[in-house]
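Okay, here we've got a single chain as structure tokens, the form predicted on its own, with questions on binding and movement later.
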């Protein structure tokens, strides 16, 4: 049976053999157009997700003593709607905060969650992107006109690939990552460049590894940009034709003392100059920045400096370079529009509140504080910084509702827990459609019936919207009639009735996912009602990118094109190529008035000018080490895999450190030590490795989640990294936390 892996953003296509409810054999789906049969080792253990002991099988209500009792679905929906509507009626719907709406490969539920938010008047939202990518999205908006002008690297064709704080060997990030990395490494005409304080698996393959000191990425990146300007290696013709404000950026980079910045970053000046020259000489360059720099000091500035490297060398809108991709649906929460958070006045980017400020928006007597939360397919009590403070905030809410598959750390704090069906028990999809020039989408049919007592998120949200009284039966009567004629007349008449209805009754448009689910859903083949919301997404995609959709093999114009695209989504189980682009198409996707790139970002140029006053080598004597909290390893994945049995080695998630630090501290490989930060401490097993520099230590992601034992509760082995991170350590502009730069000390037990 065809489906997809759910352990990273790539969602590689897989074929699964079942024995009962167990996934017994998993192999790559060669027909999936993106992964083409590619699969890493982690997917082999997906059965530990599907059949975990902490699967929820009944709605739960918290008792006064803090324990939970099972209740039926009707009671749960009625009480949740009653509690939330009471808060809305007394304080306003915008006091109800929504977090999540899309775990890995679990995005359709988030689309239906928008309808529940609309029924409540809930206007503030956030998700995991707000502790990772919002700074980069903001930079995209300043350079290209809108944050949704997100770029994708054409690594398959790039002469030079640059990975900044990124280890695609483990974290992937683009299709068939390991295959493409090997191809890059073995071709003498191409080059692989890695900027990372750790010698990762990707760095082992690299032609050039800029092994920066932790937290000094801004010095390294600005030195590279400075070499391009000072040695006149920039693409003058490209800059003159396609950009503005170059003089301002050039002056800023010309003033940078390259030798000094290289020394601060712990790098050879000769190596930095060689790398800059290799980038400038290449016919094409593709770059990828990730959490290593996005969750570290100067997060948003790092994103800006990384993008300047490819823009100043003209590696934009061409083969093997950076291009603006298409999309089926947006990843953020919508346009920011200059909005601020209601209590702290923090910047909202792509509609997402910075994850690090959520407790500040709850733990206060401010009248605009958040009083309730809906958390869907997310675990902020574990995944967001400063877990202690986050737990305090969640416990202070008047109502916390969690929709999830397992009894997560956040669910343990909830007033109500609503059990969702797993990713393999419902229709699902991912909206991480980030490829160029061929972009992919896969709608996945369930391979198992829902576990008894669970519901797919579209049905949960339908029941909530109905219980809130947001839709009346009589409002949809004519649309139901139009849907009934679809088997004989097609969806044309239904579409006309849908748009007439939402025009006459505009309050239904924000509820459109539920309207579609109830009316169009039953008319879809193979029981695919949960995919009804994709009908609108397919039409919007076809209207937004008609030429690209047609190049992918879909004929027609307007609604006909959208219908063809939707039909292909519904019926092709291995997924589809939904757009094919010419590289020149990127210029049409710029959203600046003159279709030119705005190179100067005043806020970040001001931050750049302050770098000389910093001493990146300065350390608090109480915390002389830098902890990277959340390294991705072959033994870790996202926390949907909560059963520790899925890990076959490194069961406790060792604290890695350099031989020099181990010798100084008197620690042996396999021994125990206490790691302490300003926020907490934990005992860890030591692993000594020469992949780390002295002064740099790391813990893996995904561990420290609670998991029931065979005969009672038992703590999962490993350290929950966010027991050690602090809310205040975050980017000044985007609020992204510094998970990769946590001051720490280690002491022998």
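Numbering follows the first chain given and starts at 1. No experiment lies behind these values; they were computed from the predicted model shown.
We do not show the form predicted together with a small molecule, though everything after this point is about it.
To verify the annotation, which of these, 256, 120, 601, 637, has a non-hydrogen atom within 4.5 Å of the small molecule in the predicted complex? By the 4.5 Å heavy-atom cutoff, the listed residue in contact is 637.
Proximity to the small molecule in the predicted complex, single hit among 716, 32, 50, 701 (heavy atom within 4.5 Å): Result of the distance check: 701.
In the predicted complex, which of 357-365, 373-381, 274-282, 484-492 comes within 4.5 Å of the small molecule (heavy atoms)? After filtering at 4.5 Å, what remains is 373-381.
Whether 324, 539 and 735 jointly form a contact site for the small molecule in the predicted complex is the question; each needs a heavy atom within 4.5 Å. Checking in the predicted complex: none of 324, 539 and 735 is within 4.5 Å of the small molecule.
Quick one: is residue 113 in contact with the small molecule in the predicted complex, heavy atoms, 4.5 Å cut-off? No.
Just to confirm, residue 136 within 4.5 Å of the small molecule in the predicted complex by heavy atoms? Flag for residue 136 set to no.
Quick check on residue 744: any heavy atom within 4.5 Å of the small molecule in the predicted complex? No.
Contact of residue 196 with the small molecule in the predicted complex (heavy atom, 4.5 Å): Contact check for residue 196: yes, within 4.5 Å of the small molecule in the predicted complex.
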